[in-house]
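Each of two forms of one protein chain follows alone as structure tokens, named structure 1 and structure 2.
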Structure 1
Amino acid sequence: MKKIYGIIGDPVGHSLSPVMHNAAFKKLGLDAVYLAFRVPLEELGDAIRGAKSLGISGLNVTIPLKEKALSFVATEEVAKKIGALNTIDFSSTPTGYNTDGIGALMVLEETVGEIRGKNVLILGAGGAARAISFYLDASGAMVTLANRTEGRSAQLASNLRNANSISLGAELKNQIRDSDILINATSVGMHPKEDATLITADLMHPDLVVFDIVYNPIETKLLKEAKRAGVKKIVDGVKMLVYQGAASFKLWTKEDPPVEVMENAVTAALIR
């Protein structure tokens, strides 16, 4: 019997997770399909209960559902500490996991090597920002969180070992000057609002590593601004998508994910 997996979110039509996972299923010869389901926030509980009843094997969870989803499933300890999940496994009791932080950490370690001691500025305080900040803090980075609602970023910072928060205002310029890594963990710049960015070139310095978790488009407005500022290390969101997706794939199927196939599928779809 064909196994069904999917992603829930609102919006979700832009997601390339179906392209990535279906390529992996095909490569490994698994009788499975991955679909996208638009789920409004107020219908999240019904959607998760319905997925279990319909025999869906696993779900990814994206904005704006990652935090509220904790209320409807059992949750492993890391996701519980983060306060958000992005993966649900229905193989027995529906259980939530968070692979976002793992994906971001892997990308940064590939790019800059040792994370310990790096000053990292994270834009946002939602589910993705929570996961990324948790893993970077645990790896010894010095994390600063900037969010439109400073109270939200301050609350998140209070749950980390070595973190603080600032507003998206006057403090931002000085913080970027003193940062080694800038991460956009918001949806700003995502298709179809591709001309949006929270940070412009005049605030950046060439030695800054600029990482945007948005992957559609591959080159966001933020990354274009980074190029204009002469930034030497620019990281798009494709590899984070692939690495967090590969971790979900492993949880669901117990198979080693074909990471290269997954990355090639995403890149090809974005180029088209």
Structure 2
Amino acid sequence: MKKIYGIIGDPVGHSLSPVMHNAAFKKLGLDAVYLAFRVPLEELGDAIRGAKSLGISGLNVTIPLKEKALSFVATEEVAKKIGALNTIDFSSTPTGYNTDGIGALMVLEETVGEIRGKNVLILGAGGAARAISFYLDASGAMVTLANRTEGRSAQLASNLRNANSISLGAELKNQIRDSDILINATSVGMHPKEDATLITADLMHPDLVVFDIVYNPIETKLLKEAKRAGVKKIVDGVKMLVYQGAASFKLWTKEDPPVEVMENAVTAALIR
């Protein structure tokens, strides 16, 4: 029987996950379909219980449901620490996972190799920054968090093993000079405010790895600034989207995800 997967969120109409996962199912010849379901926050519990009753095989969970979903499904430890899940596997007892952080870690390992001992500056302290910083911290990176609302980054840093927080102001300059990796985990630069960036070229150095989790547009203002600064390793948000999706795909299907096919599907949809 055809297996059904999907994403729940609100709004969810612009999600690229259906295009990405359906391309992967097709490539591997799996009899499965991935759909988007708009679920209001107050109906989340019904939606998860209903998905189980209907025999849905797996769900992704997106904004604004990721945190509340923890109340409705047994969840692995890391996702609990992050305080949010983005994947539910219904194949046995429904279980929640968070693959956002794994996606970022995979992207960075592919770009720089070993993460242990690297100085990483993360901009932001929201859900995405939380997921990424937990994985990088656990992998032995030295994480510095800088967020507009300083209290949030200080709070997040205090929950990590080896992290500190600074302001988004004057301290940034020295911190970037001493950093190996800069990650924008805020929504700054996202369509329609494409001209916005928290960091400009004059603060960057060529050996800095610059990674933006924003994927719409694919080349954000931050990444344009990185190019201008002669940065050699620039990573866009499509990769992280694809790798978190690939990690969910692997959890659900136990198959090796066709990452390139997934990336091409996402890129084509974004360009359209």
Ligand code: ATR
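Just so we're on the same page, residue numbers count up from 1 along structure 1's sequence. Small disclaimer: the values here were computed from a predicted structure and weren't measured.
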item: Pair member that is the form predicted on its own; value: 1
item: Identified hinge, Leu145, Thr186, Leu241, Leu59, relative rotation of rigid parts between the two structures; value: Leu241
item: Rotational displacement of the smaller rigid part between the two structures, which moves against the larger, in degrees; value: 20
